[in-house]
Structures are given as C-alpha cells and as structure tokens.
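A lone chain, given as structure tokens: the form predicted alone.
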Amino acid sequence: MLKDVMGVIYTGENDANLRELTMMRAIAALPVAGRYRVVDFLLSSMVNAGIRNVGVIMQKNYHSLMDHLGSGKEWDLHGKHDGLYVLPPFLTRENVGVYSGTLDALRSNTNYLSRSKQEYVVLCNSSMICNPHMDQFIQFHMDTNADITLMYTREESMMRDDMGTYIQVAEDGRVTDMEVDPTHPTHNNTFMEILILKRDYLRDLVDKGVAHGHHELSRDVLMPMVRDGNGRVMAWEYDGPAWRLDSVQGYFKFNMDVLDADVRRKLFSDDLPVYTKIRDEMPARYGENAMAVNSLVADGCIIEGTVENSILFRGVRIAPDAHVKNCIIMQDGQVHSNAYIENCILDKQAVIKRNARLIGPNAYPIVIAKNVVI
C-alpha cells in the first residue's frame, strides 16, 4: 500500500538565526550527532515506511546537501524506478534561487509532481529532527478519510514565541483551530511541518494559492481551510523526542541532548534505523594520556588530550594537554596542545592554536566558522 506514497522534503527554511553554521550550507545539510546530517532523519523515516520516490527541493547554498545525498545509494533510493530526486532552484531573471515560501517552491517543481505516479504525498520541511513511524501516520490518514493530516507534538521545548504553527485538536483528531507565528501560542500542540494529502489535491491547492498571490502553505492555505471548515483536516500525534533547529542554541541543545543514552535509544530505535552517507575511516585512536568522558567520538579521530561532554566528528585531532568540554567539533577540526575550549561549536576544518582559551556561556555557545584559525 505504501508504494502509493511519495515524499517531498522542502529545504528552504529561514536560517538567519543559525549565523555562521548556515552561511555555506542549508539547514538540511547541517552536521549533527557525530556523523549525521539533519536531512538524514526524515529521509530515513520515509524510507523505513517503504516510500521509494523522494524529491528534495533545494534553495541557495545547496552544494553540500547535493554532495551528501549523492545518488541516494545509502538510503536505497537509487533503483531503476523512482528513487531520490534532487530539485535545485529553478533560476530565472525573477527567481534568484530563493523561494518566497513552500507554495512557490512546489509551483516551481510542478513537473516533478506531475511526472510522479503515486496517489499520496508526504510533504515536510527540514528544520525539525524527529524519527516518526511514518507508516502509522500514513495509515491514520487513510483510515480517517481525511483531506489533509498534520503531524504534531506536545513537546514543550518545540514551542516558540513569534514563531511556528500551533493547532487545536478535537477528541476525534480533527483540527479545529490553527495559529501561525503567534506572539504567545495559546495551543500546546506544535505542528511539525509534516503533512500528507493526495498528490492531485496538493497540485490544486498550490495552483490556487499561487494564483491568489500566496506564498506560505500554513498561513495562506491551511489556516483558512481550518477556520472556514471547508476541508477535513486531521492531526496525528508524534510522541517521540523532537527538536527544532531554528537557532544556534537549538542546534547546540540537540547535540548535547544526544549525549544522553536514553535520548539516543528513543531517537535511534532498532526498528527505525537512521541512514547516512558512509565515509570509511580508521577507528578513533586514543593516546597514552587521553581521557574521554560522556562523549560521542566518530571514526578517524586522534585524541591525546581530554574530552568531556562533547561531540567529535570524523577526523578531529585533540593534541596532548588540550582540554575540550561541552563542545561540538565538526569534521577535521583541530585543537592544539594546552588549548582549553568550553561551550564552543567549531565548524569544519577550524583550528584552535596552542595555549588558546575559549569559554562561551552555556546558554550562548561560541561559533567558530569553517576554516578559521584562532
């Protein structure tokens, strides 16, 4: 049955609050948890549910995301029929590679939607990290005979002032009210930007929305539909762990949360594996005086100093007498001897020279951009 469902991931969220981390890449391509990218989680959820046709709509700074996804081989999306479709921005004189919203992005990729043969579409954004049973979500939609089904969570940490979409859900699962970017949310159900509907219905909604000068799916299409009651909009609750990567603090919090073994067990459950691009490396090597406490250390690392409560990506080097605490160090980063860093995020190939001291506040970690030497 799930062969009749396709997936679309829109990677065009506003990333200004992530500063240096998204200067050269989309949020979907952000490295997380030692070896993954943000896009891996929802892409893996779709694959685990048997979805075999997935389109990833790109925006500016999409090269690292294209490089990561490749042919889709790691997600088993490289067969003769269907597979992974990378959809770069459709550049014209008017469109400079930045869509104004989800409706514009879908409108520009009408050909892909028309060409696909599946009856249903699971549509999602890429700034959320979660690992839902997508097959249960799809089954709920079909069982309730809904026009559209939204995925939501009651996780309080997902709520934000002035940002996000929040819904009121009746006992029968019907969405009775919706608010977009409220100053203070009055409903405690956060819409996770994941929804399912029929492909033809989506094309119809996109055409009508764009024809009326609309850009946003939630504000311009879903909210009036719920308010006027002219569509059967249902909601399915996701009760697993979820994070919203909408700021440096949100990114830092997710990675620090993953250091907790219970959180890892819930997010990376045995029946819902998360796939990612493989890079063959030697196992991590620890020197005689090395010490690593409560940390995730990827392959290819060489540790000769002290690492605590930190996440080290592939190929990171920690020199003798260097001390790393509460930090995220991306691929091929280096911390030289006698350096001390705490509450820092080092992007790829960043280097901290010997005797340097960098201590950021816990609530506002220091971000060192890619290839920077300090």
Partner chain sequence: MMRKKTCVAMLLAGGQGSRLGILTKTVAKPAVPYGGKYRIIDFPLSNCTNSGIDTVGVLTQYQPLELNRYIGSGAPWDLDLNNGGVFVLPPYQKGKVGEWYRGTANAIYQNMAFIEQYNPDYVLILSGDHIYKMDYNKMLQFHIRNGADATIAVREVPWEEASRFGIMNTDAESKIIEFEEKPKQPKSNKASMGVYIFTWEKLRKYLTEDEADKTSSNDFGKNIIPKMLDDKQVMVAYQFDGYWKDVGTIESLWEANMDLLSTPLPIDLHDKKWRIYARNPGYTPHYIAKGATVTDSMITEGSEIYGHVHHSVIFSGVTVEEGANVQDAVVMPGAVIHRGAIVRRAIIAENAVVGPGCVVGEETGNIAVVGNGITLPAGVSVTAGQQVDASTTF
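Residue numbers count along the first chain shown, from 1. Please read all numbers here as calculations on a predicted model, not as lab measurements.
There is another form of this protein, the form predicted in complex with its partner chain, and it is not shown here; the text below is about that form.
- Exactly one of the stretches 42 to 50, 28 to 36, 333 to 341, 320 to 328 approaches its partner chain in the predicted bound form with heavy atoms within 4.5 Å, and it is 28 to 36.
- Though the partner is left out of this view, Asn294 does reach within 4.5 Å of its partner chain in the predicted bound form, counting heavy atoms only.
- Taking the partner from the other structure, its partner chain in the predicted bound form has a heavy atom within 4.5 Å of a heavy atom of Gly287.
- Interface residue remark: Asp299 is counted as part of the site for its partner chain in the predicted bound form, having a heavy atom within 4.5 Å.
- A residue is said to contact a partner when one of its heavy atoms sits within 4.5 Å of a partner heavy atom; Leu259 meets this definition for its partner chain in the predicted bound form.
- Checking Val274, Val210, Val169, Leu87 for any heavy atom within 4.5 Å of its partner chain in the predicted bound form turns up a single hit: Val274.
- Exactly one listed residue, out of Arg227, Arg279, Arg115, Arg154, brings a non-hydrogen atom to within 4.5 Å of its partner chain in the predicted bound form: Arg279.
- Contacts between stretch 52 to 78 and its partner chain, counted in the predicted bound form as any heavy atom lying within 4.5 Å, involve Lys73 alone.
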